[in-house]
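Here you get one chain, nothing else, as structure tokens; it is the form predicted alone.
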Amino acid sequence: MSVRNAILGLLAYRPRHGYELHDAFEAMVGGVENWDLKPAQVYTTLTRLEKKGLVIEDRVQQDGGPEKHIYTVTQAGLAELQKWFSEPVLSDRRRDEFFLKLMLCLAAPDANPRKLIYVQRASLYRELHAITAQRSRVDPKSELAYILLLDQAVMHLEADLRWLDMVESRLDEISRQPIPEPAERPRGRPPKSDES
């Protein structure tokens, strides 16, 4: 939903054509290394938004090159944007691929959970280093919003590293416990009721 609503927000700021939307989105998130939005996704999203009446093709602009379809947000689009602004962003941190990998590694024969943690930790440190280097190149006088985004990423990575330390310190205890299994369900047909 965020790309859809980001396009509505960018159009609420001013009418734009597809490539302008793509470039404005990329500038807002700090570049393709942070969020790789393909131009085709912008155009697909614009088509969907237009079908729902949230944007309209306002005019066609031609500067000696190919036609540029300029889009404008509608009143319904502005209402949808305001609705999005009024709702919290929910994230399901419990759907974690590394956690699933770790649990299966604990149960798999010849698997090495300590190595798995080491590999994950090294990856997180590389990512933390890259983001920290990226942040050091940002001008706080003109790009404070981007710094806030990078600070959030740094804090999430630091939290993940602390969690890995905790997991590693309790690995022996975890490995002695069985992995969670579903409760047994009765097999076969349910018994017939006496109401027949």
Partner chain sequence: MSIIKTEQLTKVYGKGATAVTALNGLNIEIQPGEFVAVMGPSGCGKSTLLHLVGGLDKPSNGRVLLDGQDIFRLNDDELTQLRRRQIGLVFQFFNLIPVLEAAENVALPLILDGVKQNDARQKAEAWLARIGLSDRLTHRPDQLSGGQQQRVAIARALVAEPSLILADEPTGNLDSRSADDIALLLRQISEEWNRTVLMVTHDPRIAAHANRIIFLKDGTVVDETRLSSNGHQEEMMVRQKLEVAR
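Source: prediction; values computed, not measured. Positions refer to the first chain, counted from 1.
Although not depicted, the form predicted in complex with its partner chain is the subject of the following passage.
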property: The unique member of Leu148, Ala40, Ala133, Ala27 whose heavy atoms fall within 4.5 Å of its partner chain in the predicted bound form; result: Ala133
property: Answer option from Ile56, Leu164, Val138, Leu128, heavy atom within 4.5 Å of its partner chain in the predicted bound form; result: Leu128
property: Partner contact for Leu100 in the predicted bound form: its partner chain, 4.5 angstroms, heavy atom; result: no
property: Partner contact for Tyr118 in the predicted bound form: its partner chain, 4.5 angstroms, heavy atom; result: yes
property: Exercise: Ala107 in contact with its partner chain in the predicted bound form, heavy atom 4.5 Å; result: no
property: Interface membership of Glu158, its partner chain in the predicted bound form, 4.5 Å heavy atom rule; result: yes
property: Full three-residue contact with its partner chain in the predicted bound form, heavy atom 4.5 Å, for Ala6, Glu20 and Ala76; result: no
property: Contact stretch among 65-73, 150-158, 28-36, 46-54 - heavy atom within 4.5 Å of its partner chain in the predicted bound form; result: 150-158
property: Partner contacts in the predicted bound form for 41-77 (non-hydrogen atom within 4.5 angstroms of its partner chain); result: none
